Every structure is written in C-alpha cells, then in structure tokens.
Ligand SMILES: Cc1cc2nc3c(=O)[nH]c(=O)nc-3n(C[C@H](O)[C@H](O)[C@H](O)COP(=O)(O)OP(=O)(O)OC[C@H]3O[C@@H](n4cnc5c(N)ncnc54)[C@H](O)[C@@H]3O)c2cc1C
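Just the one chain here, the form predicted alone, laid out as structure tokens.
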C-alpha cells in the first residue's frame, strides 16, 4: 500500500518536485532514493488570511512496492447487442453511450451538429462575424456546449455517481492526469476537442454508431411507449431513447410538446458576463503576493441574497475569453471559456440572478411549460436589438452600470466580435438589473476593487440552465408517462455542467440495464 503524506508549502516550493520530494522522504523517515514513485493525489491553494499556501497530498510508493496499474477502460464489441438511441453527443450522451457498451448494449447517437473539428471551423466563423450556423456553434455539435466553453470539471453533484471514475475516463481518453488531483480540475477548450474525438472513436470501434448533422425530428410513441425516432427523415427503432440534448435545443422541447410528452416549467437564472483584468483579480485574491507567479490565474466564487433572491457568479473563467454563444442570428448570447494555460489577460464570469416562474407567468396561458423558454428568448432578442451589427454584443462599464449612467467609452474586452455601448439597466428587466447592480456593491465589500470601471458587463448570459424540465421517475429514470424514454443531463433539467451531466448519462445507462435486462 502507498504511504500518504500531506504537506503545506509556499507556492514556489510547491511548484518544484526537487524541493518537496526530500520533504516527503523526511516525513516517512526514509531515504529519498527509496521512493520509487511519488504521486500527487490532491492539490489546492489556500489564500486565506493573506498568507499564500498550497496544500499537497501525496501517495509514495516505496522500493519494490507494487505500483498502480495504468488507467484502462474496456469497451467490448457492441455488434448484435440490443440497440439504444441517444439524442445528443454532449457529455451526458457520450458517457451514456460508453457505459451502455460496457453493460452490453449498442448505442446509436444522433447529433444535430458537426464533429468537433468541423464544428471548430464554424465557431471560428462566428468569431470573425461571418454568420451563425444554427446547428454548429458554441452550443451545438460534438461534445456539447462545454467543449468550447472552458472544460471545467468541478461539480457538487458527486453523490450522483462515481466522480473519480468519470475523471479517470477522461484521462484514459487523453486528458492530463492533473485533473485527478486538482481541487478545481480543468481541461481547457484547446485540449478538450481531441479527448471528445477519442471518445467518439471508442464508440465506433466497439460497434456503436455516431451520426452527425442528423437532427431528430419526431419521437415514435405507441401505447405509452417510445419505439424509436425519425431522424433526418429516417425511421430508426430501438429498445429505449435517451434525450441528452443540452439546454439550448429549443426545438426538442417543442417536438416533445407536440408529441404529447409532459414537460414542466422550472426556475433558472439569467444575467450578464462580467469581465475584469486578470491581474486585478490576481491582486485581490492573492493579496499582491510576490509568489503569485507560481500560482494559476486566480478565480472567484461569489453569491449573495438580494431582494430575497440569489445572485451569483457562474462559470468563472480565469485567463479566459467571452464568447458568442448564440444559436440564431436574432439573438445575443454570451458565455465564457479558458484555454488550458489560462493565460489571457482577462478574467470573466457569468453574473446572474434567479428567474422564477412568477417572472414569466404572463406567458404561461399561451405557452404552458414552455413559458420560461419564451421569456429567455425574448431577452436574448432584446440584447441583439441593442447591438444589431453581426455578432457584436451590448456592454457597459461596471461602475457606470451600478451608477445608472452611460459609458462614454468602453475598455478593452476579450469578446472578439466586438462590443457596443449600451445602458443595460434600461432594457434588462428591472427586477434583474436592480439585483445585479446591488450585488456588485455587495461583492465589492468582499473583493475590494471588484466594482471598477476597468471592468465591463456584456449581455446577455442566458443559457445557465434550462427553463424546462423533462420529468422522470425517481426509481426507473424513465419519463413517468412514456416508457422507454429517458431524459438525461442539462437539457432535461438534471445536471449543471460537464461532469454532472456525464454522471447522469452513466446513471441512465445503468437504469436502462436494470429495466431491459
């Protein structure tokens, strides 16, 4: 068995194995040469009380002690096995497919967007203001929204499945082993596409199918049971159908509604992206320490109750960029991403407030469970009306936004298509803008310097989660009224990020196995 050692070091010393290896040997009272393998199993930064420290946990393997076997996942042949349809090739869909193969099923994935390399080309066109492909963009395509939106792997939903195993699967398919021990693991949008492509090839090599640019148009439901789908005009039958489409596939909600599948409206969150100079955030979080150079770009997580509702930072991207996450040219939608090195001079975060059913009650008589979806879309269209030129987005300096005054000029911003001056407080719903403005003042008391005109707010951050839930039975995970239909991941309202969606996809695969076998 490996020996466990915990050390608390300065950032400089924690970055140098030549320094901490002798310390581990001293703790174990052995010679440094007796350590056959020293492996970090957990690393976190502690910036509290002004003293920067790095907490490290190690596994030390001594002399000829048996070392851990390389990570391996076995995907047996799925040829001739019972077929399961999966709609969507995001983390929920991909993990569901791989787990189904392990359990003895043959997955058939339908993805409306393109495979990851071709999708990247369409995203580049959006950045260059060359138009938006409604089926291939930051939201749609192989890997889902997270592929080109940072690749953060932190989740609070660890009770939903084997969190470490989910990370190990990513490492097996090409991710850095660092994600296994970082307190807030992150892959980066420059590296994640290769890993996603490796997963797809694993599915195909095992005998599963992955179809791109093939939108599912209808469910085939008879006598309360789903029997297949119509995809790209083709009828495809299967033992079960998994809906793992992500939170932006509005047409899927409308299709389910037409098919008589019960949906539910739910609360969600919307707001803006807020961007500061990364150096400013580093100085605040790391207290201007001389050892900041040995630490990653600083992040933050903020939450407050304002007017009886939560206002919070979301999907914080240190050393990152604001990106155009619209799926239609009539909208303005922004999100954030970071490359693996997080070396951009900007730090951005979603900055959102709760949206409750009472806020879109005026749409419910006409749209029912889809009312929140309509409210969301109207805000995106309102944002676009403020900056109608191509993919540019409305923006305002942060201190001006809080003070309710026009920004005479705008600071430099990471948003490549460009930003346009706009009084966001004049067109955001009043209940949203007032809470966001007050929360910035609250956050400035916790992070002095957060409220500054060096920072900018950009609109709108509206795709934090789905306004619609596809209900499912707690035990079988099937839709309560449609046997064989399995809602999964973010789009169904049961996850909120890459890993939570992946874990939910695996749970669905295991539920299918329990029901069908």
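Numbering follows the first chain given and starts at 1. Since we're looking at a predicted model, the values are computed, not measured.
The same protein also exists as the form predicted together with the ligand; that form is not shown, yet it is the one meant from here on.
Taking the partner from the other structure, the ligand in the model of the complex has no heavy atom within 4.5 Å of any heavy atom of residue 435.
Taking the partner from elsewhere, residue 11 is found to have every heavy atom lying beyond 4.5 Å of the ligand in the model of the complex. Though the partner is left out of this view, residue 348 does not reach within 4.5 Å of the ligand in the model of the complex, counting heavy atoms only.
Residue contact with the ligand in the model of the complex: residue 97 places no heavy atom within 4.5 Å of it. Interface residue among 169, 239, 81, 214, judged by heavy atoms within 4.5 Å of the ligand in the model of the complex: 214. Of the residues given (299, 335, 353, 422), 335 alone sits with a heavy atom within 4.5 Å of the ligand in the model of the complex. In short, of 482 to 490, 33 to 41, 59 to 67, 468 to 476 it is 482 to 490 that has heavy atoms within 4.5 Å of the ligand in the model of the complex. Residues are counted as partner-facing when one of their heavy atoms sits within 4.5 Å of the ligand in the model of the complex; in 87 to 104 these are 87, 88, 89, 90, 91, 92, 93, in sequence order.
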